[in-house]
Structures are given as C-alpha cells and as structure tokens.
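The chain below stands alone and is given in structure tokens; this is the form predicted on its own.
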C-alpha cells in the first residue's frame, strides 16, 4: 500500500477522471472533496432532470458502491482555506485534512457583472446542483421568465423553461446570437430555431438592473434602453469563470485561473490544477488558456494522473472541437472557424435548418475548421483531415466520407459540393 495521501478538490469530470486513473495506476490513498454533491454526476444532464426526462439518480455514471470498492473516499464538505506550507486543508465542518499531493479541480461558477438586484430571490445562474434546486423553487408558479446571455447555457435554460410552458424573453447584448463564436449564417439558423420554439429574442439589449417587491423577490428586469420585462425568474447565463476565489490570497499564482505548465503543475510543489479552474501558461496555437468544456477536463484528469504516477506526460490537446443542441438543432465545430466567416465557404438549407461551413487558409488552401448545424459529421474524419493538412479542394471532393448521419438521412452531397466549389473559385482567385 502506498502511504501517500492524495487529495482532490472537486468531483466534476476533471477531478473524478484523475481519481479513476490514479487508482488504475497506483495504490495511493485518494480523497475527493466536494461541497456541491457527494457523488459525481453528469452536469450537462441537469437540464433533463428539470424537464422531467431523468431523475437525479439517472445522471450519476457510477453506482454509489463504486467508490468504496475502488478505495476512493468521498467527502461532502467545503474547503475554506489551504495552508500550502503545512500541506493542510481547513474544511467548513471543522475537520483539518493533510495531503502529500493536491489536485485542485474546483471548476467554474456563473460570471455576473455587478448589476443591482442580483441578490433578489429568483435571480440566479444555472451551473450547479444547488442552482437546479433553486430554479425548481423559483419557477414553481412562474409565468414569465427572462434569460440573459447569448450562449450555450442560455439556450439550455430557455429550453428548460419552455418545457414547463413558461413565457421566455431572451436578452442578448450582441446583434446576433453567440456573435463572438458563430458567423452570421449559423447565428441566423439558431435564431430561427429558438424563435420557432416560442422564445422572444431581444438583440442589442443590455441589462441595467433587476427589481423586486418588498419581500425581496424578483418582479422584473430593466434594460439599459429603458424597457422593463416583467418576470418571476431571471437566469444569468453570461458565461462562467474559474472558481478560485477561496485561493485568491494564497501563494498560488492566479490570473483568471490557476496558472499551470504543460504538466499541469502550479508554481507550488505537489500542487496541480485541472479542468475549468486551470489556466495554461503557454496554450497551444489556436487554443485558449482556459477551456471550460468537459472533454478538456477529462483529458487533463488523465494527464495529471500519469504525471503524479511517475510517467511524465504533457497536456497536448488536438484540434478544438465542441458540440451542442439548440433545442432540436444539433451543432458541431472542429478546428478553427472565425466568427466573422472570413476565409470560409458555406452551404445553407434554410428550410431544413442545415448548414456546413468549411474554413481554410487562403494562402495554402489547407483546411482549418468546420461548422455544422442540423448535420452530423464524423469527428474522426475531420480530425484526420486537419492532421493531414488536406486542401479545401480535397475535403470537398471527399466530403461524403465525413457523413455521420443516421440511416435514411440522405444529404444532397452533389448539390452541397457544387455550391461550395462555386464560392471557392472567387475566393481563391
């Protein structure tokens, strides 16, 4: 038995992946601390619990006996303070816990912007298990709701509310949906889908404040242009930020997140950071220093376990990818696609809410990225094409190879390829 005690703060996908791979590789004592929940659950499935499609026990990937069987001790508590000199954690319930090695995987929290009225009952983010319970309580008799923020979380919350027959006003600061990520054609299709579900979208609309009644319960949202939106619930979905406030006055080097090197080591010996709370000092080209998506947390969990177990491993993610659903509209992206739509070609079928965009380097003509809406493309195929640095012409010629749609879902590839080629000629001239 290894006498080292390894403590992990956070039981999300990053922390739990690290614990599982540490157990596969070693006999070190492992303790996982979380104030959110005792057991690991699928965060992306919280919306389906609210919508009645699943129960909480359905979104736990492992049976409760899994942890004891694998000698992973779970502590449902909050870390109040860390003494890095003595390697000691002070927990909210009063216990003091020592560690030999520490992994901080404390995740994200909702980013807010200093609006007045944030403390009102009925104003909240939607990230944690506690947020889900609060939303259940606040929307029990809700007729009108406001969602703030044009991104993935906002759409999920809108879908949750619509599923219960609640009227939704969706406030987006930009002139189009997710304007810093999606080109105009993609944003227009998403807008079309959201509005088809009965959601009222208000672009170029910034929040000024939240207001309530004498009981400090939300009754409406005021925008900077003077409009008011009566509501009993307001979801703040303006992004997330690293959950590192409890570490601000410590010896850890922190910018937006906890700074780590390519081995996910912090500036302190035997202390690592992974997942949403980690910020890479030297991110790879075309990758951000903080990437709050589940597969990044999973990869980091595997890498940190290898490093702790004596197999030096660099965190080297491949091409960026992400996927989501805007109500019933599926979205995928691989590689790099500029939000302006620059240096790309695009096929759109407005009637069926379908789109394929291919981005490329105008000098070399090599493929750089792809967006798709309402069309399923093969991650493996595009990863191979990006690694092989195929030209845009080669990708168009073999585009059928990336088809990942269900049986009987036939795309008109000859038409798609003809349209893409027609746009390519003047760009390449």
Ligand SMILES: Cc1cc2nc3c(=O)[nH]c(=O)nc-3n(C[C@H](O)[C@H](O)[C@H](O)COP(=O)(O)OP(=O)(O)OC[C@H]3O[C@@H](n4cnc5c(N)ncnc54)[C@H](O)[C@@H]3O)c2cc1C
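These numbers come from a predicted model, not from an experiment. Positions refer to the first chain, counted from 1.
The following text describes the form predicted together with the ligand, which does not appear among the structures shown.
May I ask whether 77, 246 and 292 each come within 4.5 Å of the ligand in the predicted complex, counting any non-hydrogen atom? Every residue of the candidate spot has a heavy atom within 4.5 Å of the ligand in the predicted complex.
Among 381, 394, 44, 26, which has at least one heavy atom within 4.5 Å of the ligand in the predicted complex? Only one option qualifies, and that one is 44.
Heavy atom within 4.5 Å of the ligand in the predicted complex - residue from 127, 210, 233, 178: Here the answer is residue option 127.
Test of understanding: in the predicted complex, would residue 304 fall inside 4.5 Å of the ligand by heavy atoms? Because no heavy atom of residue 304 falls inside 4.5 Å of the ligand in the predicted complex, the answer is no.
Can any non-hydrogen atom of residue 146 be found within 4.5 angstroms of the ligand in the predicted complex? Heavy-atom contact with the ligand at 4.5 Å: absent for residue 146.
Check residue 105 for me: does it contact the ligand in the predicted complex (non-hydrogen atoms, 4.5 angstroms)? So residue 105 counts as contacting the ligand.
For residue 153, is any heavy atom within 4.5 Å of the ligand in the predicted complex, or not? Contact check for residue 153: yes, within 4.5 Å of the ligand in the predicted complex.
Counting any heavy atom within 4.5 Å as contact, can you tell me which stretch out of 49-57, 66-74, 364-372, 32-40 lines the ligand in the predicted complex? In short, 32-40.
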